[in-house]
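Only one chain is given next, in structure tokens, and it is the form predicted on its own.
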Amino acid sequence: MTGHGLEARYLAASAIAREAGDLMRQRFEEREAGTYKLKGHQDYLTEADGEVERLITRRIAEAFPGDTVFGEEGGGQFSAQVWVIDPIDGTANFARGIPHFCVSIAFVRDGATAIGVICNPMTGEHFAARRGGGATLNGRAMKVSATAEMRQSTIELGWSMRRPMEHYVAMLGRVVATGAGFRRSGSGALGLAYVADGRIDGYAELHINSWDTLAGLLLVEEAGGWGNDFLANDGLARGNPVLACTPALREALVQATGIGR
């Protein structure tokens, strides 16, 4: 197999993401209002999270028994060949009946993300990338936006309880002071995918986990964008800040967010 099985893993990741997305959509349409739990403050959990993750983990184990898997809900093991998965990124949206969420699957080999796939089952959008092979949306090549002026840009700023709210508000103030527009949609993975497809011009978050981030960062890089070194300082296990954007906005956003210096 080419690339020591990379092509096979890319095809498998795409197929598994679609199957997981189908299950996610089915559970979203069947759900009853209020049927979710809170793992922590504003940290949502639904039964579908675990069910979708078990499906993905099972499919990977069947196809590549020598690989390890690390998932948001079930944990797992890190190794030289590890799949990093988020069964539902945007669980709060899912739980509240907002159709903006996705499955995110990344394959990391020898400390570098080699494959990234994100599937939004509610829109039928399938984002996929291989390192050195470009990034696509439903088979169409993606490219980051050509925006070169902060005053013409739209930046998504993710937020979580892992950092104090005042830090988020301060970053928001600095970004808005550049003249940029901003948004927050509740899915870091989809935010990064939107940067890759030129829908928005940057995504930043002061702390985010690897399962939310790795697939989307690869999409951005393969679509011609820039991303910070997320895997530095054990970002795989511990998470890190993330900044991804069009190359022309890199300097201004690094200064405004403090990420990537």
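In this text, residue numbers run from 1 along the sequence as written. Quick caveat: nothing in here was measured; it's all calculated off a predicted structure.
Separately, the form predicted together with ligand LIP exists; it is not shown, and the next lines address it.
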So, in the model of the complex, is residue 103 in contact with ligand LIP at a 4.5 angstroms heavy atom limit? no
Partner contact for residue 158 in the model of the complex: ligand LIP, 4.5 angstroms, heavy atom: yes
Is residue 121 close enough to ligand LIP in the model of the complex to count, meaning some heavy atom within 4.5 Å? no
Partner proximity in the model of the complex: residue 74 to ligand LIP, non-hydrogen atom cutoff 4.5 Å: no
Ligand LIP: the contacting residue among 91, 145, 113, 153 in the model of the complex [heavy atom, 4.5 Å]: 91
With the partner omitted here, the residue among 53, 197, 222, 212 that in the model of the complex has a heavy atom within 4.5 Å of ligand LIP is 212
Look at the stretches 178-186, 76-84, 132-140, 113-121 and give the one with heavy atoms within 4.5 Å of ligand LIP in the model of the complex. 178-186
Contacts with ligand LIP in the model of the complex - residues in 203-226 whose heavy atoms fall within 4.5 Å: 203, 205, 208, 212
